[in-house]
Every structure is written in C-alpha cells, then in structure tokens.
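Here's a solo chain for you in structure tokens, the form predicted alone.
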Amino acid sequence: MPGLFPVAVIVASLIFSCSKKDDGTEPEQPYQPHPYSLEIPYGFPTQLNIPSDNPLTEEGVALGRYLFYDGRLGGRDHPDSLMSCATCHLQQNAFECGTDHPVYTNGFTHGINGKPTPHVMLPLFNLVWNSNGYFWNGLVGPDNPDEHYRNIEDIVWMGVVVEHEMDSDTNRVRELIQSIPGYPDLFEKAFGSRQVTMRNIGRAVAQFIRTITSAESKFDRYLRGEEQLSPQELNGFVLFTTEEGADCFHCHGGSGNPLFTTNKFYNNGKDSLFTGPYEDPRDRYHVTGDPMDLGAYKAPTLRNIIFTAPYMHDGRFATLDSVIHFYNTSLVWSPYIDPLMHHIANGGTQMIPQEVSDLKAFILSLTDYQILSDPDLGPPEKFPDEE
C-alpha cells in the first residue's frame, strides 16, 4: 500500500511541528505533582483510606495545609469573620477543641453565626485508617447512597455550608480563594489547573488531614521495644484487654489495634429511652434505620484522650475520671444495649479503686505529645499572598 507513505510523512511532520512552540523550542511538560510518602507507623494497619482519584502528593498536602489554617476558607475576608478548620480543631489539643479553647466554652463549639454544633467534635488524627464512616453516626461513609457524603473530601464542603460551622456557600469560597494571589499557582501545581474549584479545595484539605497521624505515645515506644511501661501501666493494660477486667478492647482495640478504636458504632449504656423527646436524630439508627442502632455512636479513639474532653457524643462527662466511673458503676440497660457490653447486668465492671487507677494510668500512656507541636502539622508561617 505505497500510497499511504506520503500521507504518514505529512501527518508525522504536522505532529512534530505542532509539538514545537512558535519560537521552535520544546513546550514545557505538564506539571507532575510529587507523590507524598506517608510513613505507616510500627504495628499500624497497611490498608489506607486514600481515594484513587485523590492520591497524596507533596503539592496537594502543602496546599491543603494552607487552606486548613486559612480563615478565608469560609468565603469571608473581614478580620472579624474569619473561620477555618483550625478555628475549632486546635493542634495543641490533638486537633480537637478541648476545654481550654480561647473562644468556646468547655469544648462546646458553635458556628460563625453563633449556632451550636449538635454534638461535641471528634479529633482529626489517624483518619487515614478509618474506612467505616465519619461523624458520631457514620453519616459520611462508603455506604452512603449519595456520592456527596462518602469521605473526608465531602466533609470539607459540608463544613463550609452548614449553619453551625462556616455558614457560607461554595461559590463564595471558590471565588475568594481564586482571587487571592498565590493560590491559583498552588492549585495548578497540585491539580494541574489554575482554576479553583470546591472539589479541589476539598481534595487538598483531605490530603493534609490524612497526614495528621499520632503514633508517638509511651505505649507506641513500648511496642517498639524502646521504653518500658510502669507496673501500674502494665496492669492497666491487662485490665484494658481482658473481659474480666475493664473490658475496653472490644470497642477500642488493644495491642493488636493501635488505633484504639474500631471506628464502629455502639450503644454503650448511657441511656434507657431513645424515642419521643429523647430521640436523637444524629445517632446511628438515623443512618441505618436498624432499631438496634438506637442510641449507638462511634467509639472514638482513646489516643490523646486527655486533650479531647468533654466526652461522649453530647459531652456529658467533663473528665476522664467520670468516664471510667460510668463504665465501672453506672451503665444503664436498654433493649438496644450492644452485646459487647458484657458487664451491663452488674451496672459496670465493678473494679476496685486500685484497678481504676491502673486503668487510667494505662490510658494516659496513649498520650502523644509530639503531635501537639509538630511544625509540619502546624500553621504555615505565611499564606500564599504573603510570600
């Protein structure tokens, strides 16, 4: 088929000529972001919740860190109306509000318009290992039929629009971030386009959040053979991981689950009534429709729990001592109690005072002070328009 040869030559020459700039130089290749190397700590799961369409990159994480701390993420730029993710999720409190927040009272937050959040918050660390759903009831998770409520990326836009947080709208946010010098360049480096979109804002913030990991507690060093637990802490560890003792491990894991949460949902015996005025539209039942999920909420991680008071979904317990006392003597039976609450018939574990003290000592060994001051997780020295 000799007649095809000249055509092929012409096409090839056209392709070659189109691949050159007007000045004859080679065009710049599209920017390729650099993969971010997330170190998996010793003993931690290897299965990560990283969507295939939003892999971790150096550029995406860097952009997400800026946005996480930038008060203009709410679509406002007046100094009196700035609100960011970090407004409530304080690094010094393990990315939780804590009871010493300069604005919020005893851990109870409210949105920019003063409307209180329906529940106390959950911390933002080690979320890259959570694939069971987010929030106290798991509303945002892989099983949600609405594709807009499935992962951390979606939580970002939710925080922007809900009344009890930033009370803004996505167009307002997108337009403001687009107008800030430096941000379009960062979006191009991270996602290949200077056009700011809410989708890419969510993707960037989610990337940064997935890098917030906590794995440097005394107990972690014990598992790595670098430090020994005290006799009291070791006894507390035994109590924590046995049904005859404190029986914590079914919901909060143990040495085989260093996250210290299963990320699952339980009715843990706080109440006996779950209908009428006692009904909570944000418990697990209102996600699954299963009556056995009435009064069920996520088991939060026990890591860094000293910084994350108040406790339970409604913040009813102000101190760790009161939480341990509840599980020891004050469990409340209901038809919806989780079967793993093995001590419900006795109203609690009924530990003696020394055992209570030992259990608390072990739980405190899960405190990671490094996360509180890690500069890579803290606010940037300057924002893009200040460089």
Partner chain sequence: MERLIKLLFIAAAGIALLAGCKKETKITEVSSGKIIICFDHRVDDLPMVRDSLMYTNEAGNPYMINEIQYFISDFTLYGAGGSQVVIDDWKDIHYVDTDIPETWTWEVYDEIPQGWYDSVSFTFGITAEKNKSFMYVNPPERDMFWPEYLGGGYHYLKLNGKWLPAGQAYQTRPFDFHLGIGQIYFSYPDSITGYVQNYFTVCPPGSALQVINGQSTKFNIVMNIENWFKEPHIYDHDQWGGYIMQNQDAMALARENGHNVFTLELCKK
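Numbering follows the first chain given and starts at 1. Given the structure is predicted, the values throughout are model-derived calculations rather than measurements.
There is another form of the same protein, the form predicted together with the partner chain; it is not shown, and what comes next is about it.
### Message
the partner chain is absent from this chain, but in the model of the complex, do 47, 243 and 340 each have a non-hydrogen atom within 4.5 Å of it?
### Response
Yes: 47, 243 and 340 each sit within 4.5 Å of the partner chain in the model of the complex.
### Task
Go through 104-112, 196-204, 262-270, 301-309 and give me the stretch that gets within 4.5 Å of the partner chain in the model of the complex, heavy atoms only.
Heavy-atom contact with the partner occurs in 262-270.
#### Entry: Residue among 149, 134, 191, 249 with a heavy atom within 4.5 Å of the partner chain in the model of the complex
Residue within 4.5 Å of the partner: 249.
#### Entry: Residue (of 292, 82, 180, 158) lying close to the partner chain in the model of the complex, criterion heavy atoms within 4.5 Å
Filtering the options by heavy-atom distance leaves 292.
### Message
Using a 4.5 angstroms cut-off on non-hydrogen atoms, would residue 162 count as touching the partner chain in the model of the complex?
### Response
Flag for residue 162 set to no.
### Message
My question is simply whether residue 36 lines the interface with the partner chain in the model of the complex - judged by any non-hydrogen atom within 4.5 Å.
### Response
Although the partner chain is absent here, residue 36 would stay clear of it in the model of the complex, with no heavy atoms inside 4.5 Å.
### Query
Taking heavy atoms and a 4.5 Å cut-off, does residue 138 contact the partner chain in the model of the complex?
Contact with the partner chain, no.
### Task
Decide whether residue 142 counts as a contact residue for the partner chain in the model of the complex under a heavy atom distance cut-off of 4.5 Å.
Residue 142 lies outside the contact set for the partner chain.
### Query
Using a 4.5 Å cut-off on heavy atoms, what residues in 344-378 are near the partner chain in the model of the complex?
344, 345, in sequence order.
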